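The chain below stands alone and is given in structure tokens; this is the form predicted on its own.
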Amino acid sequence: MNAPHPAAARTTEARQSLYRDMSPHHLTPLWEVLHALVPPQPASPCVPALWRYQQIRPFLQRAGEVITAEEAVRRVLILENPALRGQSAVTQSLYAGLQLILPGEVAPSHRHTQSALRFIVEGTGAYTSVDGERTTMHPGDFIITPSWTWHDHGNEVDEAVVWLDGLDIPMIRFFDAGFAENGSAKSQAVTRAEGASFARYGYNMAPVRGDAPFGATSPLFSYPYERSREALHQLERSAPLDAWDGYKLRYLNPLTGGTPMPTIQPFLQRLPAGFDGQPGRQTDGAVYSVVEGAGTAYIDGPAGPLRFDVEARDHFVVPSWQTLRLQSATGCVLFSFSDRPVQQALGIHKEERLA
């Protein structure tokens, strides 16, 4: 092996000396890490992952046997990204978990700066209350808990109810802006009739005065699956098919036409029978919940291609800038959510549709 050139060796030693001398002053050289800080393309540490509901459900049942909803405050099994274990994160900006509430239980009232969505996976008839209004949960319903609003959950029916929780916990943690407060009562007082917010905002109408009760978050906090599903099936009967997404819609804030949550954008899409989609990728990593039917997700990331065969109630995550292609022989409906509103607000969102 050739010895290093004397001038190169002197340069290397001078640099190492500089690094040692400035380190106690909490200084580091940008040029040594610039390639990692500003990579040529997104390089998420997250990996694709699949949670099969039939494998997870027994653990939810066991959790119901060993801890009550009141003891746990929220009895949730976190969907942790395998590459982010211990961080309570499904992507670097989002949290996801499956929550169980048993007959007769109440998950006590509290509030926090984190915004939350609920997507009902199994069971009918439990409720969630948001700032004095209850809504009954049905499979496929999308429900919002706006930031810093009092909310509790209860189950007055004779079956267990499970829903997907999606929150911006890692994002709020990044900003060091997390606050929480427990309510003084187990359940908050109900001050408005069920359906009051839907009557005000769910029919393409709004009150003449008193708009935006939840600030940047939608004033409509319950989006029934019955109506959302009908929209997709109407599109399937009359609209052209998108080669990448099938028939995909985003949930709206009825006051603004924008995202219903300032940090999270939820979507619902229908893959018709025989759908064989094109591949695409985007910078917003997304969490998916299979609502009905079955399909296949092909994900191609740095670790190589993966195939997830999924059915109703399964969940999977697609990290940022990893290629996704969807397929369904029999047809299916997918709910998903991502941090797209934040990326769009910052002007950094990118999407690439591949042939």
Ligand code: GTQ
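Bear in mind that the values here come from a model prediction, so they are computed numbers and not experimental data. Numbers for residues come from their place in the sequence shown, where the first is 1.
Just so it is clear, the following notes concern the form predicted in complex with this ligand, a form of the same protein that is not shown.
Checked against this ligand in the model of the complex, the residues 192, 248, 110, 138 give one hit for a heavy atom within 4.5 Å, which is 110.
Of the residues 220, 232, 167, 101, just one reaches this ligand in the model of the complex with a heavy atom at 4.5 Å or closer; this is 167. This chain is displayed without this ligand, yet in the model of the complex the stretch 70 to 78 from 222 to 230, 70 to 78, 270 to 278, 203 to 211 comes within 4.5 Å of it by heavy atoms.
Put simply, residue 134 is far from this ligand in the model of the complex: not one heavy atom of it is within 4.5 Å. In the model of the complex, at least one heavy atom of residue 95 sits within 4.5 Å of this ligand.
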